[in-house]
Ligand SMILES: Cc1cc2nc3c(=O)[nH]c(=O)nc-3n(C[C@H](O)[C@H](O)[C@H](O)COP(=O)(O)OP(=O)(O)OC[C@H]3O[C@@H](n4cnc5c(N)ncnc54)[C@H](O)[C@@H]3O)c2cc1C
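To begin, one chain is listed below as structure tokens, in the form predicted on its own.
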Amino acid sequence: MDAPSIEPFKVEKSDGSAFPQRLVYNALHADYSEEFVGLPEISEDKAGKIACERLLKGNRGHWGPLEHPSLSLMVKADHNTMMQLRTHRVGCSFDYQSMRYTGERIRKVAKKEIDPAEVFYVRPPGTYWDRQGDKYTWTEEQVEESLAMCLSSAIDYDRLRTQGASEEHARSVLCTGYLQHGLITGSLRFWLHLCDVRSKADAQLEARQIMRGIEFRVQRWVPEIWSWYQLNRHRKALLAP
């Protein structure tokens, strides 16, 4: 699985459990062992295969052991997509770039020191579908019009700040497509849950794009468990456990 190109979005690993599949294996055995379970003397890949065979096979729904490993990803996307990611919480924590403290990039757009496209996300031209399945064409001209609206909102934001309005007051006039970054930390169960609800075919386009980057990081972190997930659950619109 090669790293996907999802510009202007980004997904980078910040930290994570060093042996996540061994943690799952250990939790699995703690559930059923008569004796105290110590550190397992087992390879990471073998632990992942056993977890798939004894825990995940058949979609029995016992995902509790997946809550022990944690992974932290730094994510960058437009504000609307970041809010969609934050909607589905289970064993996770979010720290997003606050618009109470970080509005200087907006003011630089207003002063024409930065191009609006570097700070605001607008869908590229192409053919899209709405939620009712109706097709529509999004033109280069409409993209430019949207970027002009973003610039106008940045100018309004800058004017309010110059007049003394606080950042949280001034941000109310911004187009919500501004790019935003944030650190997301979640258990393995959370990341697979997020894939269930945000990688499926009817998820918003931008959510599916950022999920490609997230899936790449999860696959590299837990390759054996990801192989099972990809075969049995990925993009199948199953109810998240």
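Start at 1 and count along the sequence shown; that's the residue number. All figures in this text were calculated on a predicted structure; none of them were measured in a lab.
Form predicted in complex with this ligand: not shown, discussed below.
message = Although the partner isn't part of this model, could you tell me whether Val90 comes within 4.5 Å of this ligand in the predicted bound form, counting any heavy atom of the residue?
response = Yes.
query = So in the predicted bound form, does any heavy atom of Ala27 sit within 4.5 Å of this ligand?
reply = Result no; Ala27 lies far from this ligand in the predicted bound form.
key: Touches this ligand in the predicted bound form: Val197 (any heavy atom, 4.5 Å)   = Residue-level check for Val197: yes, a contact with this ligand.
task = Answer for His68 alone: is it within 4.5 Å of this ligand in the predicted bound form, judged on heavy atom distances?
result = No, His68 sits far enough from this ligand in the predicted bound form that none of its heavy atoms falls within 4.5 Å.
task = Could you tell me which of 106-114, 142-150, 80-88, 167-175 sits within 4.5 Å of this ligand in the predicted bound form, going by non-hydrogen atoms?
result = Looking at the other structure, the answer is 80-88.
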